[in-house]
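Quick setup: one chain, the form predicted alone, written in structure tokens, and binding and motion questions come after.
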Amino acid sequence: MTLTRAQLHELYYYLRLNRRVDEQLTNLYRQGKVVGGVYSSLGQEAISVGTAYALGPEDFIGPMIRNVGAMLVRGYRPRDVFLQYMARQDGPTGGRDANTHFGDLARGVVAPISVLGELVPVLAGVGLAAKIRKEKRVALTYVGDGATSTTQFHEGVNFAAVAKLPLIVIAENNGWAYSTPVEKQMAVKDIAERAKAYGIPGVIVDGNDVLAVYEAARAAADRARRGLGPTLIEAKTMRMKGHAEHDDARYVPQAVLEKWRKKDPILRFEKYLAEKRLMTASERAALEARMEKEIREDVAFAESSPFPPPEDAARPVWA
């Protein structure tokens, strides 16, 4: 599928919005307005945006803490993210949880939890339901490099492979499982090599090239819809900040960060659009103005939202 000029502009908008949400969350954290930690997707925006944009409205995603861009593509607003991180009453979970622990099945978003890898069998189950119902629906979820070593990842991918389920697993290889480098947790050079053990395709893509990510996810979705089963996509990227805002990432060599800073996914896409003459300066300025207005309004809305009353804490909890 060839993307139109308008779609390319939309991709750029989501990339920039993802980063501005991240930057604003950092500011709110440093002002003491965030409850808990902040988990940045700096440098990884192309993966979330490119994969989510490749899916249809009928499909399901299971995002993780660094996939804010995917949630924006699926219709969430920056204010939803701000409210959630600030534990406010008007947030998606009414202040009962933090960061991106929220979802909406009507939007095709399965809420994540903190145990990484757990959503692989859950989204495999979504794929199984689609297969039983004979629906052309695709399920996609994300794991980090560390999560590919978990039992849940193995069980979910293995089951999906055997049953030929329409599942796409995006392995975001950002170099570090918290402070453990990839080479110290697996003997294979590429995570995609692990796909051979399940008898499914393993694809490697430049995770800082939003168009390459989009094409890889689109091809995997088309394959899944034809009944050919799951695909494991390894998106190579770099986590440009620590595991969370409290982590200064001093364990990462500065030379590595400098190397990846030159591969910034947003700067690369801006260069592509400029070289192909696909976005004028005025069009870019209009997108930036729209985005900044949205950020300002949504921060103000979130800050004005009250904290939930303590007596409501257990109200929606069922035993």
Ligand SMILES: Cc1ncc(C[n+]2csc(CCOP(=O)(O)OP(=O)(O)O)c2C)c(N)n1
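Being a predicted model, the structure only gives us computed values, none of them experimental. The first residue of the shown sequence is 1; numbering continues from there.
The following text describes the form predicted together with the named molecule, which does not appear among the structures shown.
Interface residue remark: residue 218 is not counted as part of the site for the named molecule in the model of the complex, having no heavy atom within 4.5 Å.
Contact check for residue 108: no non-hydrogen atom falls within 4.5 Å of the named molecule in the model of the complex. Among residues of the shown chain, residue 99 is not one whose heavy atoms approach the named molecule to within 4.5 Å in the model of the complex. Contact check for residue 144: a heavy atom falls within 4.5 Å of the named molecule in the model of the complex. With the partner left out here, the named molecule still marks one of 130 to 138, 172 to 180, 228 to 236, 201 to 209 in the model of the complex; by a 4.5 Å heavy atom cut-off that stretch is 172 to 180.
Checking 116, 72, 192, 122 against the named molecule in the model of the complex, a heavy atom within 4.5 Å turns up for just one residue: 116.
Note on contacts: among 77, 154, 164, 243, the single residue with a heavy atom within 4.5 Å of the named molecule in the model of the complex is 243.
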